[in-house]
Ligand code: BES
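Quick heads-up: it's one chain on its own, the form predicted on its own, in structure tokens.
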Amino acid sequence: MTALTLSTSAAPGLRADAIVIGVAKGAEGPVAAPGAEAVDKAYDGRLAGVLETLGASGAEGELTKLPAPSGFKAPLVVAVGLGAEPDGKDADAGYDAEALRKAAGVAARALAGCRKAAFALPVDGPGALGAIGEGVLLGAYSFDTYKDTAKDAKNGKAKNGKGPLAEAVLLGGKPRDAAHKAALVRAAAVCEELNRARDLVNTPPNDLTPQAFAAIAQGAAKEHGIKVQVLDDKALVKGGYGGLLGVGGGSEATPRLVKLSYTHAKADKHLAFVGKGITYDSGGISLKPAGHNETMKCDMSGAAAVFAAVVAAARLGLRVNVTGWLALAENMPSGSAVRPGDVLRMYSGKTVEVLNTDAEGRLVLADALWAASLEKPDAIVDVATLTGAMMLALGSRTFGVMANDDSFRTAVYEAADEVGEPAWPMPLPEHLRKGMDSSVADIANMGERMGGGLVAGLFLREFVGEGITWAHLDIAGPAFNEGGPFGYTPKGGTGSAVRTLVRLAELTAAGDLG
């Protein structure tokens, strides 16, 4: 992973492969952003004009490379777009943290293969430093586990692609300033765990079975002082976890329920995070159509996000107790698979008529939600790649937020917005609940087709303990990026919702969340 360091050195004398500067979109053309003063001076104050000649406008995500001026020890200047230049009231607040994250991410990805780069982006305090650090660490991410990364004997370069940027020096940061150092420590902890979640999502399902995922969780828990409990298929049978057993019954890879418990001696609040962990989703007997199977290794993104968030909370030493529940199963068709028409008795004791075996995520979550509820946490947040309907509603970059409490739904949405994760509050219309009535069971796992994402949320609500505040994040859209990379978001697994969960834990620890 890219190393982050702080430096007060001047850009011209810094030995590096490149100097990264920001350029904004001004009213009359590109404008060099704060941090680029030394480069602008070396260009005799004409840097903006040079960039404009090269076609730069300062638009978000735009990247322009130019030779470093005479006297610079780095050979290259990389100018990255920050979007609109702050003006009016915004000018006093400086550049938005998300703009800095995206710019740093674009630059870090473009500098793959480099040993060292200096980032001279606008810094007005620890918040900006943290955002730049996050952008670098997330933008430099690559998943090469299954590629031939052996080096060519002739030129010493990797045969298949370039390695990530090795070191990023953040200029404008003060190495001895406690707040500045803390910002980088936080960025490293959150992003390293988020990137671990990305690795899990990108791992092929033949290697990431429920058992393998559980083993990874056990290893991380041991490393970071987190208590872990793993219920295997025998324990699930004994406990009556009908949802997990029903969904996982068609696979030779048996299901698991993993409980991760981070505790702080001085904590007085308890959050529970619950993640859907379908390590591969064929749809079961209700088989998915051709063209819909290839990316279904990503159906455990919710569990990956919960896992990463709990470990990040432990690494940061947050003054809050956080329990993560990973509901892990593989949904496969076979002679032992659950069938449409079957009735499952869930861990809560409720019965569910299975009308569609491809609506399996809500079944494993139902068991985990009830298990979490029995501990009476102050709030539960579940995360799941749950419905294609949510993608139809919000697209591929925004997740939906539902809750049984309007103020908590707003708090979750605002936390997501604060850390730069696009989200949108969604309702839970009561009239849609009737569509899940069953003549043979307490509830069916399907309801009305229209509003399917909301129907799924209403189903989950049935398995949350009475009086417990709960929110549901449907990350079906942003969890896996099938297109090209953008900002600090790579192709493939994205780690969606990790930063939102961590922020919720931080707010709870500070007493600022309800």
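What you are looking at is a predicted structure, and each value in this text was computed from that prediction instead of being measured. Numbering starts at 1 and follows the sequence shown.
Heads up, the form predicted in complex with this ligand isn't pictured, but that's what we're talking about next.
Does residue 356 make contact with this ligand in the predicted complex, using a 4.5 Å heavy atom cut-off? Yes, residue 356 sits close enough to this ligand in the predicted complex that at least one of its heavy atoms falls within 4.5 Å.
I'd like to know if residue 362 sits close to this ligand in the predicted complex, meaning any non-hydrogen atom pair within 4.5 angstroms. Within the cut-off, so yes.
Any non-hydrogen atom of residue 254 within 4.5 angstroms of this ligand in the predicted complex: Outside the cut-off, so no.
Can you tell me if residue 190 lies within 4.5 angstroms of this ligand in the predicted complex, counting non-hydrogen atoms only? Judged by the heavy-atom cut-off of 4.5 Å, residue 190 is well away from this ligand in the predicted complex.
Which one, 291 to 299, 214 to 222, 262 to 270, 314 to 322, holds residues whose non-hydrogen atoms are within 4.5 Å of this ligand in the predicted complex? Correct option: 291 to 299.
Honest question, do 389, 446 and 476 all end up within 4.5 Å of this ligand in the predicted complex by heavy atom distance? Yes, the whole trio is in contact, each within 4.5 Å by some heavy atom.
Within 4.5 Å of this ligand in the predicted complex: residues from 257 to 279 (heavy atom criterion): Only a single residue, 276, comes within 4.5 Å of the partner.
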